[in-house]
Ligand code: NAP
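Below you'll find only one chain, the form predicted on its own, shown as structure tokens.
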């Protein structure tokens, strides 16, 4: 069994070494143009040239949960694209979202500003019932985030393309229930996969429906930058329709130094670090899936190329 590794913007050598240790029965090498045909590939944002050359791959294993970079490529119809189920990312995502939510809810930005001026000040406590949190996307990451938020006794809504039932959540599904979901949520957390149907879904029309259309909605985007119609955000913040936003992902990354998001007082920017791939856990998961595929067994995380997730 031959496995090739093709990673963009990521050091390849530690992955090759880890996969060799996890799969001693396989030959594992970093891909170079002209390399032998492999049975499986471990990838992150590979070029089209890699896909064209490695035409006989049975499995394409992505080292992240999001596969939008792969879906831009012309993939052989018989190939199976497999994403990570978790590998340590869901707990990081839950930490990040809960931190952003609680920072906003408890008005810690206000307290930090007052402390810098040496002022001892209080704010009237807010009611959790007034801060319903809507989680868009109820996959492995979304469900973990929703459950974590519920532990702090916020009302939690969930929305997904197809019906889901998650204990402790009020679940909405499909286009027919999307507006009702937005209206019932004050804080919106985006964890959707990026597909053509979700690109630009965080636009003026949809974000204006938060909090039953009243001012004070809040956005946390930890999925993909292309979900957000960036030109719509600042006008919504400046008008007060949105109280703020925490953004970890952007249409162009790294975020250009002259981008207005850096300087807007109601926007918190982080550098796409809400949930980083944990290499050792990911290698163990990928190795297990490769062995299962070789045995002809079902493999979790196989992507529906038509749906995009």
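Since this is a predicted model, take the numbers as computed values, not measurements. Residue numbers count along the first chain shown, from 1.
Although not depicted, the form predicted in complex with the ligand is the subject of the following passage.
For the options 83, 104, 186, 80, the residue carrying a heavy atom within 4.5 angstroms of the ligand in the model of the complex is 83. Proximity to the ligand in the model of the complex, defined as a heavy atom within 4.5 Å, singles out one entry of 39, 53, 248, 29, which is 248. Looking at the ligand in the model of the complex, residues 100, 151 and 243 place no heavy atom within 4.5 Å of it. Residue contact check for residue 142: one or more of its heavy atoms lie within 4.5 Å of the ligand in the model of the complex. The ligand is not drawn, but in the model of the complex it has no heavy atom within 4.5 Å of residue 237. Among heavy atoms of residue 46, none comes within 4.5 Å of the ligand in the model of the complex. Among heavy atoms of residue 89, some come within 4.5 Å of the ligand in the model of the complex. Considering the ligand in the model of the complex, the lone stretch of 104 to 112, 207 to 215, 124 to 132, 192 to 200 in range is 192 to 200 [heavy atom distance within 4.5 Å]. The partner is not shown here, but in the model of the complex the stretch 271 to 309 reaches within 4.5 angstroms of the ligand through a heavy atom at 272, 273, 274, 275, 307, 309.
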